[in-house]
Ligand SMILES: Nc1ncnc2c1ncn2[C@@H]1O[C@H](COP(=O)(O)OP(=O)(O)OP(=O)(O)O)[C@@H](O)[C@H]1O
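Just one chain is shown here, as structure tokens, and it is the form predicted alone.
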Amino acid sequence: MTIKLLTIESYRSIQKLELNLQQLNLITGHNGCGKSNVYKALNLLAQAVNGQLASNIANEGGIPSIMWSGHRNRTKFNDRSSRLNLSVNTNEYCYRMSIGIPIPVPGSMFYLDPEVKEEQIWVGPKPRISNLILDRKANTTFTYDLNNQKTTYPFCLNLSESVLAQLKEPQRYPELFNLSSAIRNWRFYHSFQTGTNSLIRAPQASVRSTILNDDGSNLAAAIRTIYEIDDIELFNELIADAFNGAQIDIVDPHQKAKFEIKFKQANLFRALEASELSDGTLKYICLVTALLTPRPPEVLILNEPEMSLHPDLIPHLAKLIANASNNSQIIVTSHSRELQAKLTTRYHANLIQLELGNNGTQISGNNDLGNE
């Protein structure tokens, strides 16, 4: 279930933005133009499906902190009619969520919680009565069957969470279940903490791992899983090409179900441990492991994957991303000119250039923005 159209309204630097997406997408632009806000908006949708909408927004300072930060009519904002709208049109279903400031409750300190004002799920380009599957207005929720017969959901929903996190019965709501399962399957990688005390550098539990954790904390197990059940030849090729014939072994030296990484490099008499590798080397190994996952997601989102990498690794990163797009829809945010050149020229990525104008983040009309 891939994303065809992403619409973001009133979110941080974005007043309104519509992005037409393809199988391989690169979102670029100058620092501060709003690239990361696109990544965060997608992640917010995924958190909503996981039942973490309220806590995610609270960690960012509450609903007022994530609303449109540009010029707005203060009177309109204060009467609580301002909304943050997120919607995705996929190749199967369309989903829209509208979030706002809650009606104040006397004596309550939860006045910064988000309130889901509206949600809709439909089939087709635009919602109509004839193609609606679900229509939620605050605490009243209607579902529609194939004959457009409307049924009112009999129980009150949590106003701070998405309906997709609350109506989970596949036998009663198969379309909701399919949509929520698809969004829950989205995978996000923003940064891998590779400092001295990073979990990536330490021995890790030897548990079969078909998916690399978003923080890379199961890296050794994820690599070993690729070795045993997936494309070990491609993994070894990508590591060897990037690091002059280097190889990676996964060992359990003390037979205590703890995996360790051994990095064998040409001209060195011993293998290096993860604790000895540079941040860039370790991050690239994480990216290879994440993108060669034996269980590819339908949608995979990377936020500035080139950070900490040596420029010589960028062509290898581009090849890796393009290869992953054979199995997943890829959305990459980046300000690397070389990554942009490789992905667009050689691999024909859908290029979306953003800029920050008077109306917030918008698609740039300057086709040379990334090459300045």
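Being a predicted model, the structure only gives us computed values, none of them experimental. From 1 onward, residues are counted along the sequence shown.
If you look for the form predicted in complex with this ligand, you will not find it shown, but the lines that follow are about it.
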Note which of N59, T345, S65, N326 lies within 4.5 Å of this ligand in the predicted complex, where distance is taken over heavy atoms; exactly one does. S65
Going by a heavy atom distance of 4.5 Å, is Q47 a contact of this ligand in the predicted complex? no
Taking 4.5 angstroms as the cut-off for heavy atoms, does Q52 touch this ligand in the predicted complex? no
Given that this ligand is not shown alongside this chain, does P305 nevertheless sit within 4.5 Å of it in the predicted complex, heavy atom to heavy atom? no
Do Q340 and this ligand share at least one heavy atom pair within 4.5 Å in the predicted complex? no
Heavy atom within 4.5 Å of this ligand in the predicted complex - qualifying residues of 153-176: none
